[in-house]
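So this first bit is one chain, no partners, the form predicted on its own, shown in structure tokens.
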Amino acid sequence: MKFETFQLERQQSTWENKVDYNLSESGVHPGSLKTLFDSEFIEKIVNTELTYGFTEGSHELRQSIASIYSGADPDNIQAFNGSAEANMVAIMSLLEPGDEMVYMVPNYLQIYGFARGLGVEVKTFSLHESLKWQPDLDELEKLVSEKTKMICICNPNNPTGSVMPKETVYAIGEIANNVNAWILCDEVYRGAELSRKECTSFWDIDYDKTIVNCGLSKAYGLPGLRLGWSVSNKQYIQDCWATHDYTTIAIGRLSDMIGAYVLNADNRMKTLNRTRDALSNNLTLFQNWVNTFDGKFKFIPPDAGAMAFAKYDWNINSSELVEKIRDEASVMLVAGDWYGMDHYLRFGYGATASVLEAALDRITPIFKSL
């Protein structure tokens, strides 16, 4: 095994805590225990013994997660330390060197790099800006074959914020079924739709070889809990649990407890509505800022998530531009280069409104000078 550098994560982890303003984040600004929860629940947290957690996730947590997905029960759920671990365990459990994966781009490239490091042959299919960042299903259908073991999707998408309509989700299910391939869908931004209507989950297609991975880091604005999950058929959940025994074994006890509370059917929409309120306000702020540049920026407003993927019309490489902004203004952005797409920038607009406005004011003179 030899893993290529995960450039986006390496750049973020190196610089995100060294700049004055970090607009490289793709989630909404997190709250604290005191601002998010009532005193009764905080007291319960304070008095919880810090034992080992439940290796598969507590029944209460898995029941809360299962309530999100129609027809699921706790035995369809496995809890992980973030959706990144859920992704990694899926690849380790199902693929071997020489297997073929078909992978959506642009995309958060963790699965891409990890699978390649294990010797998996990865073929890509594209979301097209001309189609409002939707896939060409004919292109996907021609790319898959009897060799294809897995099709990997990110919906809502990172970095574009696009959301696939229900008919596209079901069509991809048919394409996978035709070649007996697994579907692995990262749905970590599901729930952060600006329309306030939750998009179709790949769980809904009722295809047995589907794995949906999600977590609390993005739509729920709770990245510090490092809590993710897989929902899939019960045999896969048993198989991935066996792999999980070799990775982190269990999630943190307090993360499990807080996750069960946040995801409970009585509480979940309170958290998501907080996210949607913040994103709606901030996207208007960002759009107004973009409009001051007389067409030098072009972007399709996201349907979900806290990211704006903007194409720019200046003769400078995106990595160089991000470095210039970081060094001169102490603001962190994400370069399109890190997705293999130069002349794009990803702006995270999920910060507090005051921080977002201050950061955009800080970088305005740099763009004006180009």
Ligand SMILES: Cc1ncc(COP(=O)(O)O)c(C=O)c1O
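The first residue of the sequence shown is number 1, and the count goes up from there. Computed from a predicted structure; not experimentally measured.
Another form, the form predicted together with the named molecule, is not on view; read the next lines as being about it.
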Practice problem: Check whether residue 116 has any heavy atom within 4.5 Å of a heavy atom of the named molecule in the predicted bound form, and answer yes or no. | Solution: no
Quiz item: Is residue 82 one of the residues lying within 4.5 Å of the named molecule in the predicted bound form, judged by heavy atom distances?
Solution: yes
Quiz item: Taking 4.5 angstroms as the cut-off for heavy atoms, does residue 244 touch the named molecule in the predicted bound form?
Solution: no
Quiz item: Within a 4.5 Å heavy atom cut-off, is residue 190 in contact with the named molecule in the predicted bound form?
Solution: no
Quiz item: Counting only non-hydrogen atoms, which stretch in 212 to 220, 248 to 256, 233 to 241, 263 to 271 is within 4.5 Å of the named molecule in the predicted bound form?
Solution: 212 to 220
Quiz item: With the named molecule left out of view, which of 207, 182, 299, 108 would have a heavy atom within 4.5 Å of it in the predicted bound form?
Solution: 108
Quiz item: Here the chain is shown alone; which of 102, 77, 154, 172 has a heavy atom within 4.5 Å of the named molecule in the predicted bound form?
Solution: 154
Quiz item: Taking the named molecule in the predicted bound form, which residues along 21 to 42 bring a heavy atom to within 4.5 Å of it?
Solution: 26
